[in-house]
Ligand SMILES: Cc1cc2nc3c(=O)[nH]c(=O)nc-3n(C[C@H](O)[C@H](O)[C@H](O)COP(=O)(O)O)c2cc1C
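Here you get one chain, nothing else, as structure tokens; it is the form predicted on its own.
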Amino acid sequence: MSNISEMLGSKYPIIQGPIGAINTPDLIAAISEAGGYGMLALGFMNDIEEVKRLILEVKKRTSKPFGANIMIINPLNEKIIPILAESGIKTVTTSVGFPGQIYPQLHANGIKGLHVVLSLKHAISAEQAGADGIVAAGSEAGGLRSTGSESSTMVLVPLIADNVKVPVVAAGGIADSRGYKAAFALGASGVQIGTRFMATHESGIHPEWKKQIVNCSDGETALLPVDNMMMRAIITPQLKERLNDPAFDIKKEFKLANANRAWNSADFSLVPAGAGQVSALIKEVKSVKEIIEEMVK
């Protein structure tokens, strides 16, 4: 059993990428039931009662361990963390912010944390700040990214594993047993999976979004500016046409404030369908159990 599995309490060291758009109790519970570690996405959460409701709904569906992601910039964290502790959540991931601001409170509440980083520099500073582990998210991963130059999973994971003493989790470009095994060869003790779990029967994202992931081919994702960050999204023929229009101002058109409305309605003219490069390897929608069983075989 890896250090990550011991920390999580799950059968396998497979963490669900905590994407807000798939923050459904059904998916979280299904991942935990299949031996992984389901994750509530609490990064943008601004309603304490909703946090309590989500935890309760997951517990109705599984008795297996699950966790949550906390964005350090969320002002409600001081209230959220005790709720997580009271609910029996032992391990979380943290992101978007300096970890030194939150790890004393996590540890005081008996919670361990894995800090998500995009670079070696931030991995080292996170370890020094008290992080119990690192999630190394390579440039091919979906979701929000920085505006700077970034390394791929193949480079970032061994680079961080060579320079920190805490366990490292690989994220980005992992969808099947080949990627899972490769992560361990690179020095990781576990993996974090986002896009592959989006294209599952249990995922609550819009069917059109799942369709775009399954239909995505090699080279059909790109980093696009959204607010002051970058987001990896699927470049459909319609989006490509808009991007090629000189009159199209991408920084004005795509705003994170419109993300939930866009994704829930599949109106991807507001905000594109986010996904990682690994979409090119995903050919069909499957159950969570099928994906995890194939991954660890």
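All residue numbers refer to positions in the sequence shown, first residue = 1. Quantities reported herein were computed from a predicted structural model and do not represent experimental measurements. Rigid core (definition): largest C-alpha set, two forms, superposition within 1.5 Å.
This protein has a second form, the form predicted in complex with the named molecule, left out of what is shown; the following refers to that one.
None of 224, 71, 166, 80 but one reaches within 4.5 angstroms of the named molecule in the predicted complex through a heavy atom, and that residue is 71. Note on the partner interface in the predicted complex: the residue among 131, 102, 157, 198 having a heavy atom within 4.5 angstroms of the named molecule is 198. Using a 4.5 angstroms heavy atom cutoff to the named molecule in the predicted complex, none of 4, 32 and 184 count as contacting. Per the 4.5 Å heavy atom criterion, the named molecule in the predicted complex is contacted by stretch 185-193, the sole one of 119-127, 185-193, 82-90, 102-110. Contact between residue 95 and the named molecule in the predicted complex is found at the 4.5 Å heavy atom cutoff. Interface residue remark: residue 278 is counted as part of the site for the named molecule in the predicted complex, having a heavy atom within 4.5 Å. The closest non-hydrogen atom of residue 263 lies within 4.5 Å of the named molecule in the predicted complex.
Contact between residue 9 and the named molecule in the predicted complex is not found at the 4.5 Å heavy atom cutoff. Of all the residues from 4-30, those having a non-hydrogen atom no more than 4.5 Å from the named molecule in the predicted complex are 17, 18, 19, 20. If you fit the rigid core between this form and the one not shown, you'll see the Cα of residue 22 move by 2 angstroms or more. Relative to this form, residue 76 and residue 21 approach one another in the predicted complex, with their C-alpha atoms ending up at least 3 Å closer. In the predicted complex, the CA atoms of residue 22 and residue 76 come closer by at least 3 angstroms compared with the shown structure.
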